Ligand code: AMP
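The form predicted on its own is given below as one chain in structure tokens.
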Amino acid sequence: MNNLDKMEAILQRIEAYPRIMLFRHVRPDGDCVGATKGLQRILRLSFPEKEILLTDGQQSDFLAFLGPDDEPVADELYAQALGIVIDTGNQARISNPKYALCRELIKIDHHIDREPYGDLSWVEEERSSACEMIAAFYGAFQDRLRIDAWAATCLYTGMVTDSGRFKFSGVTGDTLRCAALLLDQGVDTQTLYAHLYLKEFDSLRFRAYLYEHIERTENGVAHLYVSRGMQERFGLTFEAASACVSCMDSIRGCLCWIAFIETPGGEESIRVRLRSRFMPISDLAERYRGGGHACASGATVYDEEEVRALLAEADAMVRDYKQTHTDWM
């Protein structure tokens, strides 16, 4: 079944169900929030007689401008519903566990398909974002679906954030054509970028501190460690602390950059955000309880020994890449 046939099959299932429940991954980001809210708006506009619900226990302060989710509903409402999980590679990362109650389940995702699930699966690993997939879904069925500026804004949010403002390697001509389709609906990019990129003055002190404390391995892995104490010192949410990985994305000769962020509360784990240029790092992330895209992945470690081990492996990967390639900077 090709991708267009998969999209047609998904639309037919949507048309068949009076109630549709949308799901996304834990620790929500711009892509999963934008994709679920964007699809919800499209379906509510297209099928006003249907109940399209998005209930999720995890929220993001960074994305609060996109509005709240729906209130929790009784378990029996899931039982006769179609569930659609977006931007979530494996079932363990689905934020709302009640997805398992749905009568049928659809997976829409752009991550490496290591753990297939669902009664129907549409996965395009080459897409820059799940929001790009939802935009393409609308684009393929404009005669049967409706969109407005708000749905387009939600989807454009995820496309912008997951593609690094269209500079990551996954961006293609199709990505920009989908973005153009959304912009044509009247997305207010000035207001959107203000929400996404304006910073509180105090957060600039944290960024300055980070630049003073970036370290590099022998072969060029830039890395930062953000402790709970540091997060408290600068008044950071865990989400804001995690964003520090972007501070290291423009260092010449550093083909891989990694941020280690201690998780808040009683969790005894360290969240790892891995990014790279030219060289894929998803296999490394998978060896440390994670995964993701070729050049943008996440993982989890539990102590300083694992931090050192992961850095050593990353350093060896960079060394080997530099020895066998000439296309790096």
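All values derive from a computational prediction rather than experimental measurement. Start at 1 and count along the sequence shown; that's the residue number.
There is another form of the same protein, the form predicted in complex with adenosine monophosphate; it is not shown, and what comes next is about it.
- Contact with adenosine monophosphate in the predicted complex, defined as any heavy atom within 4.5 Å, is confined among 51-59, 286-294, 65-73, 33-41 to 286-294.
- Contact annotation: of the candidates K98, R228, R93, R146, the single residue with a non-hydrogen atom within 4.5 angstroms of adenosine monophosphate in the predicted complex is R93.
- Using a 4.5 angstroms limit between non-hydrogen atoms, K107 is distant from adenosine monophosphate in the predicted complex.
- Adenosine monophosphate in the predicted complex is approached by A299, whose closest heavy atom lies within 4.5 angstroms of it.
- Taking the partner from the other structure, adenosine monophosphate in the predicted complex has no heavy atom within 4.5 Å of any heavy atom of R127.
- In the predicted complex, adenosine monophosphate lies farther than 4.5 Å from every heavy atom of R277.
- Contacts to adenosine monophosphate in the predicted complex (heavy atom within 4.5 Å) from stretch 25-40: H25 only.
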